[in-house]
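As a starting point, one isolated chain is supplied in structure tokens, in the form predicted alone.
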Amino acid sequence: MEITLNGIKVQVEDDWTLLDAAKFYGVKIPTLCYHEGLSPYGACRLCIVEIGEGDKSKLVTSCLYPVQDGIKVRTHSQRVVKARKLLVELLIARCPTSKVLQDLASALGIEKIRFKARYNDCILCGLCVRMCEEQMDAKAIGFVSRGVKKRITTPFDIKSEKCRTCGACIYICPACLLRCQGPEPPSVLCSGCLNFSPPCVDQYKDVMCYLDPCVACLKDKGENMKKGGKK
């Protein structure tokens, strides 16, 4: 198949997803609930991309969306970048202590969280559930309830006989990896590893390169800070 990826026509395999195609051609898309060793889940939505053109364009989850011949994909459009930032803000408001989320916020150039921190810890990414079932062949934990009451627990909230206390669920959990300041950080947002938001997004509506980090953006930010401003 042939698709258009960020304005460039590329060849892709029939059984690939949009995320597979982007990874193959070196375009980095942020992910959270996705893991190469587990089935795709699409819970976090961070891997969203924009397909189509004009008023008919839409955001789709790239880890689940299959490639289609002739499809036009934009992985870092202004609309996509804005949506990803909002998603990370919401996730951090739920679990500010996660280093994984804080690193994502810094990579996306997020400088403030507009939502009240809840400290609910679990972000319902489903990584631990899939790890337990697919890699450890245990099915000791799973989701219960729906909506705001949705949570992860053992059957009937009692110790599962299938649990081997292997620790795989803790190993893969992004909420379990505490940020650098420990379990009681002084602020909701760390920003200790903050990168600059690509200035090209505002001008071209798309990111113009996919270096991580972009050398040009870092240079612009450095010069701007010398002048007393902020990118």
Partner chain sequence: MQGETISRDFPAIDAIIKKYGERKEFLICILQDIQARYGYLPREDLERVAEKLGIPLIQIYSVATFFKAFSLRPKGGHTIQVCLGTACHVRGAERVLSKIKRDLDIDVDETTKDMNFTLKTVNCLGACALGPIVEIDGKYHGNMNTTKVESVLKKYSTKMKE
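Positions refer to the first chain, counted from 1. Note that the structure is predicted; figures quoted are calculated from it, not measured.
The discussion below concerns the form predicted in complex with the partner chain, not included here.
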Sole residue of V81, M136, I141, V100 within 4.5 Å of the partner chain in the predicted bound form, by heavy atom: I141
Heavy atom contact within 4.5 Å of the partner chain in the predicted bound form, the stretch among 116-124, 90-98, 141-149, 73-81: 141-149
is_contact(K58, the partner chain) in the predicted bound form, heavy atom dist at most 4.5 Å: no
The partner chain contact at K162 in the predicted bound form, heavy atom, 4.5 Å: yes
